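Shown next as structure tokens: one chain only, the form predicted on its own.
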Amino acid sequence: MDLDDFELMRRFQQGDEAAYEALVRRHLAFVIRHARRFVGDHSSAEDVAQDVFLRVFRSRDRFRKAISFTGWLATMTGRIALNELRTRQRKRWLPRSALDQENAGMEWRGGSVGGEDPSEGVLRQERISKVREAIADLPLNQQQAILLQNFEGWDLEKIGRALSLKVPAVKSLLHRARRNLGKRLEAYLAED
């Protein structure tokens, strides 16, 4: 029998560590993907995921059923990843894996597509970089909504449950996020 996240979390709160392990197995890939979109490289995303699940372990008593478990994870992941980025900026640190891979955090790494002019590949890489920068400049809730819809493929209801919002509020949040992305990318698009 496959238990839902709330039941697993309830069991974990009562001391069942096997329930915690089931939650980690179920959500680890999502947390790593979500963190990778913030931090840009796989090894740092794994570190963020480890921190996320450590916090889940430590703060299990604070979880309430009214909260979406996936939303709780997504929010926690975003906050921990942003803290990682602030630490990098403050220490002027770049992860080793980012030194060899310009776009390590992207699902698709770009490059030439069969017979494509190499300059098109360079332009594509530049566009990807600009969009990533623009998304990173959005407020956290807008980043979450854009990433969950466009990279995870979640529908509005699932995003709403994850972010504890009603569908109209999710639509409004996505509208503001797209409008803000458009403003941030306006100058770049005008050059194109």
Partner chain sequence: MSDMNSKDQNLDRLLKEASAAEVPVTVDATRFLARLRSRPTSPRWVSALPRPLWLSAAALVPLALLLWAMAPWSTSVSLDAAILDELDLLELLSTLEPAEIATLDPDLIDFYADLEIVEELPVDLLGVSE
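This is a predicted model, so every value here is computed, not measured. Only the largest set of C-alpha atoms that superpose within 1.5 Å between the two forms is called the rigid core. Residue numbers count along the first chain shown, from 1.
There is another form of this protein, the form predicted together with its partner chain, and it is not shown here; the text below is about that form.
Using a 4.5 Å cutoff between non-hydrogen atoms, A19 does not count as a contact of its partner chain in the predicted bound form. A residue is said to contact a partner when one of its heavy atoms sits within 4.5 Å of a partner heavy atom; R124 meets this definition for its partner chain in the predicted bound form. Taking the partner from elsewhere, Y188 is found to have a heavy atom lying within 4.5 Å of its partner chain in the predicted bound form. Put simply, I146 is close to its partner chain in the predicted bound form: some heavy atom of it is within 4.5 Å. In sequence order, E46, D47, A49, Q50, D51, F53, L54, F57, R58 are the residues of 45-59 having a heavy atom within 4.5 Å of its partner chain in the predicted bound form; the partner itself is omitted from this view. With a cut-off of 2 Å and the rigid core superposed, H27 has a Cα displacement that falls short of the cut-off between this form and the one not shown.
With the core held fixed, the Cα of L8 is displaced between this form and the one not shown by less than 2 Å.
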